[in-house]
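In structure tokens, the next block holds one chain alone, the form predicted on its own.
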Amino acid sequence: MTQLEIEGVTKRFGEMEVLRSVSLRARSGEFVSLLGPSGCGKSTLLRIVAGLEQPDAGSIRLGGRELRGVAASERDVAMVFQSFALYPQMTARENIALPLRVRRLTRLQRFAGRLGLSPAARRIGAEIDRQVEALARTLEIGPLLGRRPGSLSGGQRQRVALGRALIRQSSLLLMDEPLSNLDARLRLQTRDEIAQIQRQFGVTTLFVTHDQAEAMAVSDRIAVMLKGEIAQFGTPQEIYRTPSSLAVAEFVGATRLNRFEAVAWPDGALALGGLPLGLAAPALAGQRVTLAWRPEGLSLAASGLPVTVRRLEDHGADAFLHAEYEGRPVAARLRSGHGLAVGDTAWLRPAPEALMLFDAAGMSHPCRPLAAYVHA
């Protein structure tokens, strides 16, 4: 297992700066996701780590070894592409075995082996076959080894592509949107399998995705990339519950973020629509702030914020309330059996512990509980 270190990587294409001094460190055996919208630079960064693109500035070290100037084939890095990149004329066995055959056999041995003229090539080929079969059992694709990619499902092709990457036993595994070509049900199944396989093999992994659910489900840590920079690097829970900025908070999360504009009281106390929150941010006293909650941070109550119900989504065990408060959309996650109907007035109470507070520039700030709150 090997640590990956990226320091100050910058990349331009013409006048466009795609990456701006990007730095991150993936610990040995860690599963790190690069999460961001299209065009944020995440795939470019992955290609730079792979050696398929060269940075304009910065360094990349793998296990302490500087990779800048090292050819892609010499980096001890394996990559799974979005398109799987399997050779259609080869069987699954041949696709998985290809990296080992290229590494262990000369071109002459490969040719002589096909003709049955080289005992050494036959011996090495038999060893490679045993490795392929052992890995195929782990990936549960043993019965598929004799089939060509065209006769495999998307999930099966993904496993073959993963097998071809893992067979090399590289120090670093790179995965570029590997689930984007699968249907929704298969994506859920395959992402869980990838996480299990990665932990079983213990290989340091850099995983590119624009799907927040994927990143949250498989990652040890997530690097949120916005406009060519890493906006936040942390665990899934840190990214979700304590975002570093309003931009990160709005990007991460499957549903709309509830945002409310307010002014902190002169002593830093916070209130929403006259509703005291029992919290204070002294550093923001008297300043305009944004108060934000995720849908699960708002609950039905006998009093609180009066909202008008606009739409209800029944998800079985729970429901989503889409409402309006002073002309602004509000969303709350409720338990089923809430008894509400479109057009009703409901009262929502925000949970103080779930508050995310941002200053006028959109940067996150901590709050502290008030020992006592007196409405002046």
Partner chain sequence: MPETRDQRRMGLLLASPAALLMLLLQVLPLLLVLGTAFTDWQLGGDPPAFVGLENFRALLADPDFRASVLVTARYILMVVPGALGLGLGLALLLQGCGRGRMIYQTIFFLPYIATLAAMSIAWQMLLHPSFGMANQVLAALGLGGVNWLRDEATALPVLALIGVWHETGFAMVFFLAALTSVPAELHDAARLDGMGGGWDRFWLVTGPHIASIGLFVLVVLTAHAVMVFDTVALLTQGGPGNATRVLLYVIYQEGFSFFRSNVAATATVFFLAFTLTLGVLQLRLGRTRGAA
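Everything quoted here is computed from the prediction, not taken from an experiment. Numbering follows the first chain given and starts at 1.
The discussion below concerns the form predicted in complex with its partner chain, not included here.
Novice: Considering its partner chain in the predicted complex, which of Q237, Q196, S83, Q189 comes within 4.5 Å of it through any heavy atom?
Specialist: Spelling it out, the residue with a heavy atom inside the cut-off is S83.
Novice: With its partner chain left out of view, which of A319, A50, A57, V309 would have a heavy atom within 4.5 Å of it in the predicted complex?
Specialist: When its partner chain is considered in the predicted complex, the option within 4.5 Å is A50.
Novice: Flag R137 as yes or no: does it have a non-hydrogen atom within 4.5 angstroms of any non-hydrogen atom of its partner chain in the predicted complex?
Specialist: Answer no; every heavy atom of R137 is more than 4.5 Å from its partner chain in the predicted complex.
Novice: Is P99 close enough to touch its partner chain in the predicted complex, meaning at least one heavy atom pair within 4.5 Å?
Specialist: P99: yes, in contact with its partner chain in the predicted complex.
Novice: Evaluate R103 for contact with its partner chain in the predicted complex, applying a 4.5 angstroms cut-off between non-hydrogen atoms, and reply yes or no.
Specialist: So R103 counts as contacting its partner chain.
Novice: So in the predicted complex, does R147 come within 4.5 Å of its partner chain, heavy atom to heavy atom?
Specialist: Taking the distances in the predicted complex, the answer for R147 is no, it never comes within 4.5 Å of its partner chain.
Novice: Out of 42-50, 340-348, 22-30, 324-332, where are the residues with a heavy atom within 4.5 Å of its partner chain in the predicted complex?
Specialist: That would be stretch 42-50.
Novice: Just give me the residues of 128-161, first to last, that have a heavy atom within 4.5 Å of its partner chain in the predicted complex.
Specialist: Counting only heavy atoms within 4.5 Å of its partner chain in the predicted complex, no residue of 128-161 makes contact.
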